[in-house]
Ligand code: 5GP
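As structure tokens, one chain now follows by itself in the form predicted on its own.
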Amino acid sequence: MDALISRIKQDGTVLGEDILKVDSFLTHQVDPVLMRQIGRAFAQRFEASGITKVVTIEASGNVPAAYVAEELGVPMIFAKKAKNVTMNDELLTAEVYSFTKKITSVVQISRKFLSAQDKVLIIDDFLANGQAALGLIDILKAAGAEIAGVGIVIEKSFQSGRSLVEDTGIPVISLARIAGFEQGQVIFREADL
């Protein structure tokens, strides 16, 4: 997606050998115009798939997932990283390791929001080692839901996430794919959309 790639080139910051900081438009401060374009791109790709829910993990995936859900006209669900006192329903859970935070969290979704009648699109901001997507896949399978695909805003193709997710038989669609970083610059590879 050209607008996203341009924005990464303009405002993304490479930190070390494997981190891309995009907090000025995606992961902290959000550009709603770009998010709407991202929502439309994923919705156009999956509009004929019969999606009934869009699912993500809090927090940085929430905004792009909400725009995708709005475009598809379906609810968005986010897996919570912490249980609060109002979550007294049966919970579907999975352990997820965060590459950037270097911690493992138990993420959870109330079973009442997912069923075997749902066809779900997973949306997330980044795909690196695939742990967030795999955790969501586990939760969705436990609910009996069908998974139409995994939509990723920015994929770090030099890490193992894509192949791990595709090994489950679920397609990965990424708007921006990064081949690597060289001298503080992002090297892109061809995106899926």
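Sequential numbering from 1, following the sequence displayed. The structure presented is a predicted model; accordingly, all values stated were derived computationally and were not measured.
The discussion below concerns the form predicted in complex with ligand 5GP, not included here.
- Taking a 4.5 Å heavy atom cutoff to ligand 5GP in the predicted complex, the contact residue among Gln44, Asn129, Thr168, Ser49 is Asn129.
- The contact residue chosen from Thr100, Thr104, Ser110, Ser115 relative to ligand 5GP in the predicted complex is Thr100, the criterion being a non-hydrogen atom within 4.5 angstroms.
- Residue contact check for Asp11: none of its heavy atoms lie within 4.5 Å of ligand 5GP in the predicted complex.
- Using a 4.5 angstroms limit between non-hydrogen atoms, Gln37 is distant from ligand 5GP in the predicted complex.
- Shown alone here, Ser157 lies farther than 4.5 Å from ligand 5GP in the predicted complex, counting heavy atoms only.
- Contact check for Ile173: every heavy atom lies farther than 4.5 Å from ligand 5GP in the predicted complex.
- Note that among 121-129, 62-70, 142-150, 29-37, the stretch whose heavy atoms approach ligand 5GP to within 4.5 Å in the predicted complex is 121-129.
- Residues of 1-34 lying near ligand 5GP in the predicted complex, listed in sequence order, are Asp18, Ile19, Leu20, Thr27, the criterion being any heavy atom within 4.5 Å.
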